[in-house]
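As a starting point, one isolated chain is supplied in structure tokens, in the form predicted on its own.
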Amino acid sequence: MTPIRLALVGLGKIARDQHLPAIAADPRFELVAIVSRNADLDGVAHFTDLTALLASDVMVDAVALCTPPQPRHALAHMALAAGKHVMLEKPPGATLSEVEDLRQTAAARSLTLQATWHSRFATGVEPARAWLAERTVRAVRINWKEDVRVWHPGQDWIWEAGGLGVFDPAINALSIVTRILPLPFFLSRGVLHVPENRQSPIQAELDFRDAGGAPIRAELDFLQTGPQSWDIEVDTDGGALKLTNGGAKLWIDGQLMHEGPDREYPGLYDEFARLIADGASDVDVAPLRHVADAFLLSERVVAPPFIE
């Protein structure tokens, strides 16, 4: 099979840590170009903007966008207009309207558009979904707390409007719970803590209820030092489930049931290849919709200034 010729737009931390190894390990893809204003990669054609790549003689079948979300709509629209399949890093866009426009554009051109949620490919997620499908959820607790200085050093875009702040990591938790919970859920109240010198929240507390009335509490923090917390606990009528390490470990009633190596980004590229082969798209915006609801409904509290 002829490999899918892929261009990677954005060569920051997530691209280097996750996308490059996943692409190199999948023979269905060939990395043919890098688009970045500040970085390049030995042996791969380099362009400082997507317009230059699309105007060049480098043949590209698909584009993976690893930029911050704010400029992503324009880049994705440009790639789709040029006949390229598109993978969107999470979150898929700065607004729901942007993503819907891209979905319609891809469909009109019979191109693949993939809104990626890498945490859904963590080892414990699908087994958790299957276990919960046969039980009634009583309560859910989400603790998603990490150190922004470790995971996003010097990345000012994350604090700008559209950068999402603490929801940049917390949307991973929402991507998991929207996948594993049997019933839809809805925000009832929230509190967003926004540093006085920033535009996006650094901490948040959210209270949801699912369609059956079960409470769902999310506590999100971008200032946690030491051990990081990426945990989801679900109480049911048939026992207690817990996902830890961002979904990598699944516990049932305190017993470790599933654990495995990190295969999240290989999972994304496997899905991308299959979607392209099938002429299909996957544009699930449920996690982003919950973030939008949080910005719409939550109380805002002024927090101390954030200093890098």
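Just count from 1 along the sequence shown to find any residue number. Rigid core (definition): largest C-alpha set, two forms, superposition within 1.5 Å. The structure displayed is predicted, hence computed values, not measured ones.
Below, we turn to the form predicted in complex with a further copy of the same chain, even though it does not appear here.
Open item on the list: Does any part of Pro195 reach within 4.5 Å of a further copy of the same chain in the predicted bound form? Heavy atoms only, please.
Closed with: Contact with a further copy of the same chain, no.
- [ ] Report yes if any heavy atom of Ile14 sits within 4.5 Å of a heavy atom of a further copy of the same chain in the predicted bound form; otherwise report no.
- [x] Ile14: no, not in contact with a further copy of the same chain in the predicted bound form.
TODO: Considering only heavy atoms, tell me if Ala82 and a further copy of the same chain come within 4.5 Å of each other in the predicted bound form.
DONE: Contact with a further copy of the same chain, no.
- [ ] Determine whether any heavy atom of Pro184 comes within 4.5 Å of a heavy atom of a further copy of the same chain in the predicted bound form, and answer yes or no.
- [x] Flag for Pro184 set to yes.
- [ ] Using a 4.5 Å heavy atom cut-off, indicate which stretch of 130-138, 151-159, 185-193, 115-123 touches a further copy of the same chain in the predicted bound form.
- [x] One stretch meets the cut-off, namely 185-193.
Task: Position in contact with a further copy of the same chain when the complex is considered in the predicted bound form, options His73, Arg179, Lys145, Arg109, heavy atoms within 4.5 Å - done: Exactly one residue meets the criterion: His73.
Open item on the list: Which residue, Ala173, Leu164, Leu88, Leu206, is the contact with a further copy of the same chain in the predicted bound form, using a 4.5 Å heavy atom cutoff?
Closed with: Looking at Ala173, Leu164, Leu88, Leu206 one by one, just Leu164 meets the 4.5 Å heavy-atom criterion.
Open item on the list: Can you list, in sequence order, the residues from 88-110 that come within 4.5 Å of a further copy of the same chain in the predicted bound form, counting heavy atoms only?
Closed with: Residues within 4.5 Å: Ala94, Thr95, Leu96, Ser97, Glu98, Glu100, Asp101.
TODO: Inspect the rigid-core superposition and answer whether the C-alpha of Ala161 shifts by 2 angstroms or more between the shown form and the other one.
DONE: Ala161 C-alpha, core-superposed: shift of 2 Å or more.
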